[in-house]
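Read the single chain below, which is given as C-alpha cells and is the form predicted on its own.
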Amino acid sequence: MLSQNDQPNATLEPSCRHCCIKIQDLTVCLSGHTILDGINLHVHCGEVVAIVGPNGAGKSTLLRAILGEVPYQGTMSSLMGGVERRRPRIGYVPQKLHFEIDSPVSVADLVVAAVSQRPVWWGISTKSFEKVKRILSVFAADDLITRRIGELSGGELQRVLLAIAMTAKPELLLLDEPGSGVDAKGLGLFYQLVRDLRKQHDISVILVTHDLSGISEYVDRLVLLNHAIVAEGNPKDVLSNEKLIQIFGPGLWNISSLPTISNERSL
C-alpha cells in the first residue's frame, strides 16, 4: 500500500479536522464467507475515490455496507464542519434500473416520485413539473423530462439518476459502475458532471468501476480492492502496481499514456 506521503491528496489532510468520511476495520461476512476484511478508508471532502478490482472482489458490497444494506463489523463516521456524526447524508446512483422499454413511467414521473410525497398517479402539477425541469437542467437532462425511462440510453439514465441523488444534498455520493452501458461520449459527460459537483458542493465521491485507465483523469485516488485493500494512492502509481498486474494481467492498458493527475481539488 502506498504511504500517505505518496498519495496525491496528502495536502488535504488538514481538512480532516473539519470534513471527511472515515471507515475503520469494516468487515462483512455473508453466509459464512468473508466478503470484506478489515477495510480502512478515509475520504476527504472534495475528493473523488475510485474503487477497482476483479468481479467478486466486494466492490458493490462495500457500497451496500456504507448504505446500511448489509450487516458489518467496524465503524463508519463523518466529520462535517468539525462536528462528528455516525454517518453522512448519502446520495446513491445504482448501476442500473430495470424498466421495460414500453413502461409508461416518464423521467418526470421518476423524479417527482423521488422528491415529493404526492402520489405520481395523482398527476404532476405545473409547479412540480417546473421544479423537476430545474433539477434536471443542472445535469444537462432537462430535455429528457417527457421521455419514457425505458427509452433512455445508458448515459441519459445515469444523468437522471445523478440528478435524483443530488436532491438530498448529500455529503457523500456513491456511484456503482457509472460506466455500465454508457458510450464514451456519455461517460465523459457524466464524469465531467461529477467533477463539477465535487468542485461546487465540496462533497466526497466514491465510485466503483471496471474502467481502469479511462477513469484515471477524473479521480484523485484509486483503491485496488480484492476482499481487502491491496493498494491505494495516485491512479498512475496504483495502475502500475505489481499486485494489480497480477490480478488483471499485463497489457490491459498503456501505462505511459495515462494523463498526469493534478493534486488540485478543482479538477
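Note that residue numbering begins at 1 and tracks the sequence as displayed. Just so it is clear, the model here is predicted, and its values are computed rather than measured.
In what follows, reference is made to the form predicted together with a small molecule, a form of this protein that is not presented.
Of the heavy atoms in residue 200, none are within 4.5 Å of the small molecule in the predicted bound form. Proximity of residue 236 to the small molecule in the predicted bound form: non-hydrogen atoms within 4.5 Å are absent; the residue sits far from the partner. Interface residue remark: residue 64 is counted as part of the site for the small molecule in the predicted bound form, having a heavy atom within 4.5 Å.
In the predicted bound form, none of the heavy atoms of residue 228 sits within 4.5 Å of a heavy atom of the small molecule. Although the small molecule is omitted here, in the predicted bound form all of 30, 54 and 58 have a heavy atom within 4.5 Å of it.
Out of the listed residues 215, 49, 35, 41, 35 is the one that sits within 4.5 Å of the small molecule in the predicted bound form by at least one heavy atom.
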